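A lone chain, given as structure tokens: the form predicted alone.
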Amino acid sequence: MTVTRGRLVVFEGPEGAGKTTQLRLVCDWLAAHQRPFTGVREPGGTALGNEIRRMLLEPGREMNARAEALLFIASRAELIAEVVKPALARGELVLADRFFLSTYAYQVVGRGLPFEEVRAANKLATAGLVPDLTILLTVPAAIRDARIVARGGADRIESAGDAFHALVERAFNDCADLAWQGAHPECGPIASIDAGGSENEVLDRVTSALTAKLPDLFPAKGDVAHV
């Protein structure tokens, strides 16, 4: 029997956009409807990736931009080989907290690294794997800042400074543009979602996008269970 390749759906956005919260809510939604999935996060998700995550996010640790980018990409390479590709080969839906858009926003635009070199390194890490859909959450900076303060304990990336995060926000805004997406096929299709409002209001927007783009994988919008 031939197994249909699974699909990779990525959740992206700047710090405080709510992507991790929305990913969790979507996982709860799928579980409630007995829809199978595999959830992963970057960096991390493997023994090697979790160690890299500790190094990358540990407050106060210093490293140059190229080392930072290569560590993120090394974690991705291990996650793809160990978890994502096997799950896709089994026909599973994989939901990922961050992928290449974050590398573009944080390391290329935020840190100023050359795009073509970073894109080549990512292609090596992923063996050319492209997301089937990316949910890109956008929200005004004031709301994001309030969310970050509320949760406390900023990590190394969150503590990088206002100028850095302004660049990252601009990069994610660029990613929402159709012309940008057409010039960056390695990122796959992107659905930009307004992440302002309550968690359930945002969840309604996210699930509407998921059911519209991948109706065979996600329950009908009327079946959304608020939590």
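Keep in mind that what you see is a predicted model, and the values were worked out from it rather than measured. Residue numbers run from 1 along the displayed sequence.
The next section is about a form of this same protein that is not shown, the form predicted together with a small molecule.
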| query | finding |
| --- | --- |
| The small molecule contact at residue 147 in the predicted complex, heavy atom, 4.5 Å | yes |
| Partner contact for residue 187 in the predicted complex: the small molecule, 4.5 angstroms, heavy atom | no |
| Interface membership of residue 90, the small molecule in the predicted complex, 4.5 Å heavy atom rule | no |
| Touches the small molecule in the predicted complex: residue 66 (any heavy atom, 4.5 Å) | no |
| Contact stretch among 32-40, 58-66, 155-163, 175-183 - heavy atom within 4.5 Å of the small molecule in the predicted complex | 155-163 |
